[in-house]
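Take a look at this single chain in structure tokens; it is the form predicted alone.
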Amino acid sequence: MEQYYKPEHLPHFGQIGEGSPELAEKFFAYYGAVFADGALSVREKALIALAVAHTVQCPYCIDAYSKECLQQGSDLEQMTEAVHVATAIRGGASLIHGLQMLDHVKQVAM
């Protein structure tokens, strides 16, 4: 069965620059700088990326950062906790928007 997301695309991500090599070069330079060791370690950044990947629901990023987290020394417990942090933030963001619904109900009910 044909899949929309194809794991074989991930290793070819660099080809995305075919239509605009200049912009791709700038993106990949920025991307490399962001993920370099800095105030946060490469390992910490990989855990953040894994959590964000789940939040934006990108299967390519989930694959890439699951692998990267393992390569950087994270274990399954740390990776799972990072995903739960992202889930809690996403859930909280959904719930806080419920105040808009409450305001609307109160206005209509008056």
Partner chain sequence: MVEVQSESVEELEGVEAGAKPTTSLYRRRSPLSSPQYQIERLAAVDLSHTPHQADFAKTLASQGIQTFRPARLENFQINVGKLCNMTCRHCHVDAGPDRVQENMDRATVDACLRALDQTEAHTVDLTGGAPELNPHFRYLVEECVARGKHVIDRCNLTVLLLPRMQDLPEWFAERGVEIICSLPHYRKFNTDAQRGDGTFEKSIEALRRLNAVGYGNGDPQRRLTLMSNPAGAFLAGNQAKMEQEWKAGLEKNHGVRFDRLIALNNMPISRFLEWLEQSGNLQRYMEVLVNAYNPATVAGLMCRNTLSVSWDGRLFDCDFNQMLDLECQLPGQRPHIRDFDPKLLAQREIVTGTHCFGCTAGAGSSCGGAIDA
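Being a predicted model, the structure only gives us computed values, none of them experimental. Residue numbers count along the first chain shown, from 1.
Keep in mind the form predicted together with the partner chain is missing from the figure; the text below concerns it.
- The shortest heavy atom separation between Gly73 and the partner chain in the model of the complex is within 4.5 Å.
- In the model of the complex, the partner chain lies within 4.5 Å of some heavy atom of Leu10.
- In the model of the complex, none of the heavy atoms of His84 sits within 4.5 Å of a heavy atom of the partner chain.
- Shown alone here, Tyr30 lies farther than 4.5 Å from the partner chain in the model of the complex, counting heavy atoms only.
- Here is the short version: of Gly98, Gly92, Gly19, Gly14, the single residue with a heavy atom within 4.5 Å of the partner chain in the model of the complex is Gly14.
- Along 29-61, these residues reach a heavy atom to within 4.5 Å of the partner chain in the model of the complex: Tyr31, Asp37, Ser41, Arg43.
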